[in-house]
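Starting off, we have a lone chain in the form predicted on its own, written out as structure tokens.
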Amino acid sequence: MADGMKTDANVDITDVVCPMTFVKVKVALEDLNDGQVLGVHLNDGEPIQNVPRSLKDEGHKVLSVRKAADDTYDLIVQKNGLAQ
């Protein structure tokens, strides 16, 4: 994954449309322990506008967001990172 950050799991939601984008990320996070890191590959537009905000609202910490050459994004999020 981008940034050289180690992720504990990855999920690609580029083939999913809102509101299922966040649901898929939420399900992936449920498999992780608090403090573990998830890499999320997502599209421009609604997903990049809504998913990071929804993650923060649920107490997760967005560690980085990087735009790729193909106009998709790689998001790195720490489960329950805002609570630690």
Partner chain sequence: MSSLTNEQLERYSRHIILKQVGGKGQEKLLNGKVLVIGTGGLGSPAAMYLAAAGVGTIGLVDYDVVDLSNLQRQIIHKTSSVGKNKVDSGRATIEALNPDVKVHTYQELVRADNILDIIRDQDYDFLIDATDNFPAKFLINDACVMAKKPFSHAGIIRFQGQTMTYVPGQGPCYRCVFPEMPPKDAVPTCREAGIIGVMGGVIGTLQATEAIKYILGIGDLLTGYLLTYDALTMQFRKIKIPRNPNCPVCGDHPTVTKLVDYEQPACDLRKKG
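Quick caveat: nothing in here was measured; it's all calculated off a predicted structure. Positions refer to the first chain, counted from 1.
Just so you know, the form predicted in complex with the partner chain exists too; it's not on screen, but the next bit is about it.
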Does K26 make contact with the partner chain in the predicted bound form, using a 4.5 Å heavy atom cut-off? yes
Does the partner chain get within 4.5 angstroms of any non-hydrogen atom of D34 in the predicted bound form? no
Considering only heavy atoms, tell me if A68 and the partner chain come within 4.5 Å of each other in the predicted bound form. no
Answer yes if any heavy atom of E58 is within 4.5 Å of a heavy atom of the partner chain in the predicted bound form; otherwise answer no. yes
